[in-house]
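One chain comes next, on its own, written out as structure tokens in the form predicted on its own.
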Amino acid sequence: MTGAVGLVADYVCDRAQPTRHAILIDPADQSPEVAAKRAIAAATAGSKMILVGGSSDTDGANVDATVLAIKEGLELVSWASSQDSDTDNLNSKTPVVLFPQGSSALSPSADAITFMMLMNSTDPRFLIGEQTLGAPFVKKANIEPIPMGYAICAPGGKAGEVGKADLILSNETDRVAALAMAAECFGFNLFYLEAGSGAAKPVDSQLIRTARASCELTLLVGGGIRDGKAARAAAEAGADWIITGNIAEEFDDADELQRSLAALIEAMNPQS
């Protein structure tokens, strides 16, 4: 059972693909110009989706400026590469998808939005409140919503703190199974297990395996994944998407970021 599927959702939810990588770019952590360079580096390295958002310091202005800069940058580089037969083409259709911290951090320029419920929050604001506030904007701007169940695992980081999450512990397999089943029953397209931005360790592999066995939803895993080994472990456990965020901010040079992400993606799917 899944929710409505549009063009971007159809692409994101295609589970016939090997595990794919997406980069999360926080508009509060760099200028739109720097964000665009990092997004281009990620797409060139093999990332298949650009997520924008994630911070409590984002707002509509910096989110929209960042989305526009990324989309313009991807289109320009794609056009330039198409003119050069010796250059691998960059896919300008890499979707730019909102990963919002709330209803005040939306952009009408995005290709889609992860319309999420923080399923283990103790605050109704993150269960239905922000969604209700944001839905009129999403409908009016005609942004494609991709319904997503979002669950934060220990250690949780800032996301767990801000979202007032009752964190999922590494041994709570029955609980993560029930959440995955509930997400499927709600009709969500995606289920996202998050360890928190900058987490000391990623989501436990057994939690990922349990979630994978408990539903047919597209499974995203993020937080604490800093290298190919961790990405490969999550992929082998059943993740359809690996999300990394902080790694983008560790490199001032876009070429270094591209090389680092390319190595991570290659290690994630060594035989693909």
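Residues carry their position along the shown sequence, with the first being 1. These numbers come from a predicted model, not from an experiment.
Heads up, the form predicted together with ligand 1GP isn't pictured, but that's what we're talking about next.
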- Single option in I225, A239, I70, V52 placed near ligand 1GP in the predicted complex, where near means a heavy atom within 4.5 Å: I225
- Task: Note which of G134, G196, G163, P145 lies within 4.5 Å of ligand 1GP in the predicted complex, where distance is taken over heavy atoms; exactly one does.
- Result: G196
- What stretch, of 187-195, 100-108, 168-176, 125-133, brings heavy atoms to within 4.5 Å of ligand 1GP in the predicted complex? 187-195
- Query: Given that the partner is absent here, does S205 sit within 4.5 Å of ligand 1GP in the predicted complex, heavy atoms only?
  - Reply: no
- Message: T244 versus ligand 1GP, in the predicted complex: is there a non-hydrogen atom within 4.5 Å?
- Response: yes
- Message: Whether L261 contacts ligand 1GP in the predicted complex should be assessed with a 4.5 Å heavy atom distance threshold; does it?
- Response: no
- Message: I'd like to check something about L257: if you look in the predicted complex, is any of its heavy atoms closer than or equal to 4.5 Å to a heavy atom of ligand 1GP?
- Response: no
- Are there residues in 17-33 with a heavy atom within 4.5 Å of ligand 1GP in the predicted complex, and which are they, in order? L24
